[in-house]
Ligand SMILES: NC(=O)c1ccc[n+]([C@@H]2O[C@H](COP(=O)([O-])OP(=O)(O)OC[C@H]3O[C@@H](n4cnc5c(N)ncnc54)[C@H](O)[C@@H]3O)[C@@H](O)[C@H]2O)c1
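What follows is one chain in structure tokens, specifically the form predicted alone.
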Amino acid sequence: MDPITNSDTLVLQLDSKKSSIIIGRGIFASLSSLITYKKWDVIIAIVSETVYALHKEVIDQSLSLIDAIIIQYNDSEQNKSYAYAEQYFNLLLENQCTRNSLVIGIGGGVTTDFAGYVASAYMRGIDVVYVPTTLLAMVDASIGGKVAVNIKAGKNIVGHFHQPDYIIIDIDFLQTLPLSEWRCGMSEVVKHALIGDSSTLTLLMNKEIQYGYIDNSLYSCINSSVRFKASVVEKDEFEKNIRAILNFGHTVGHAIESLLEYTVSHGDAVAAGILIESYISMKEGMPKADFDCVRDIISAYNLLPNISFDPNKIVNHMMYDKKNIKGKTRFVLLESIGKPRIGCEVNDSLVKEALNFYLTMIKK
């Protein structure tokens, strides 16, 4: 294992507030010295039950230093709902949280999303800090201030923009990450690489990232992916234009998730979405060599999930996508790798062709 002795701090200068991202190894134990804004009267930590069971000692020790109250969270997509959030609003009230209180979300993307939503809605918004513990949460879900809960019709339909004060990324948490969660995170890493993160693209093409290796290649990959997403968010905090590129793979991916009622992981759905939307991109002019490169990367990291669905129902579920305008589904497509374009209308027949291509692929 290569030694990782450094840590990096990135400060996002946003319209709504300043948000600091700290990336390192073993840094969670020093949480009390990292989140230095000390005005909070009550600190509530919403902690994934799974993560708490795996890392109880370090979580208890670190949170005791800031007198945080731990509330565990069953972090399934089914529990990322408004009805479930109401229970946590009541728990915050019971613990005498005010507008000067802090919520800390510790866990994967579902947990940080849920904790962020609770913080954004409680008393019209209180401060939040994220400690992402999965690869997906580190490189994507915790960054950007988008917080939401699901309803039956679609994913992340109800939510806000609510920026965290701090994001503490300690890659030591990845030592206990299951392979399935690793694959979820790699889907978002691949997405960033395809839409403009050239440093990560090089690492992926060179096959430098390997499951189970917490080394400098992984550190560089996470650092680059985080900085890429942060740079996009900084340019367009409220997703009025360029930030929409981050939805590549998600128009189809979210439709798959909602159609299958969140029984498939977000990462698997996005991996399928990336391949399907890359196929559409190729049919709309992206070089075939670029499509082959996308397919090779997805294959090399074993990201292609075996998911079956009815293409007609997927197209129908796209009606609920947040990017739609006047009933028209809008895609993010690639002109070429590294050159995304937003707001693309695609004929339903081509979408179904791409969906059927995917279904053919997984049968091989």
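The structure presented is a predicted model; accordingly, all values stated were derived computationally and were not measured. Rigid core (definition): largest C-alpha set, two forms, superposition within 1.5 Å. Residue positions are given as counts along the sequence shown, with the first one as 1.
Unshown form predicted together with the named molecule; subsequent notes refer to it.
Undergrad: Residue 141 near the named molecule in the model of the complex, any heavy atom under 4.5 Å?
TA: Contact check for residue 141: yes, within 4.5 Å of the named molecule in the model of the complex.
Undergrad: Does residue 51 reach the named molecule in the model of the complex, with heavy atoms at most 4.5 Å apart?
TA: Within the cut-off, so yes.
Undergrad: Considering only heavy atoms, tell me if residue 173 and the named molecule come within 4.5 Å of each other in the model of the complex.
TA: Yes, residue 173 is a contact residue.
Undergrad: Considering only heavy atoms, tell me if residue 109 and the named molecule come within 4.5 Å of each other in the model of the complex.
TA: Yes - in the model of the complex, heavy atoms of residue 109 and the named molecule come within 4.5 Å of each other.
Undergrad: Checking a candidate spot here: are 46, 56 and 62 all in contact with the named molecule in the model of the complex (at least one heavy atom each within 4.5 Å)?
TA: Spot residues vs the named molecule: no contact at all.
Undergrad: Going by heavy atom distances of 4.5 angstroms or less, which of 189, 272, 137, 115 would be at the interface with the named molecule in the model of the complex?
TA: After the contact test, the surviving option is 137.
Undergrad: Name the single residue among 127, 290, 181, 237 that comes within 4.5 Å of the named molecule in the model of the complex, judging by heavy atoms.
TA: That would be 181.
Undergrad: Of the listed stretches (84-92, 272-280, 69-77, 217-225), which one has a non-hydrogen atom within 4.5 Å of the named molecule in the model of the complex?
TA: Going through the listed ranges, the match is 69-77.
Undergrad: Does anything in 227-266 come within 4.5 Å of the named molecule in the model of the complex by heavy atoms, and if so which residues, in order?
TA: Sequence-ordered list has one entry, 229.
Undergrad: Does residue 257 move its CA by 2 angstroms or more between the shown form and the other one when the core is aligned?
TA: Yes, the C-alpha position differs by at least 2 Å between the shown form and the other one.
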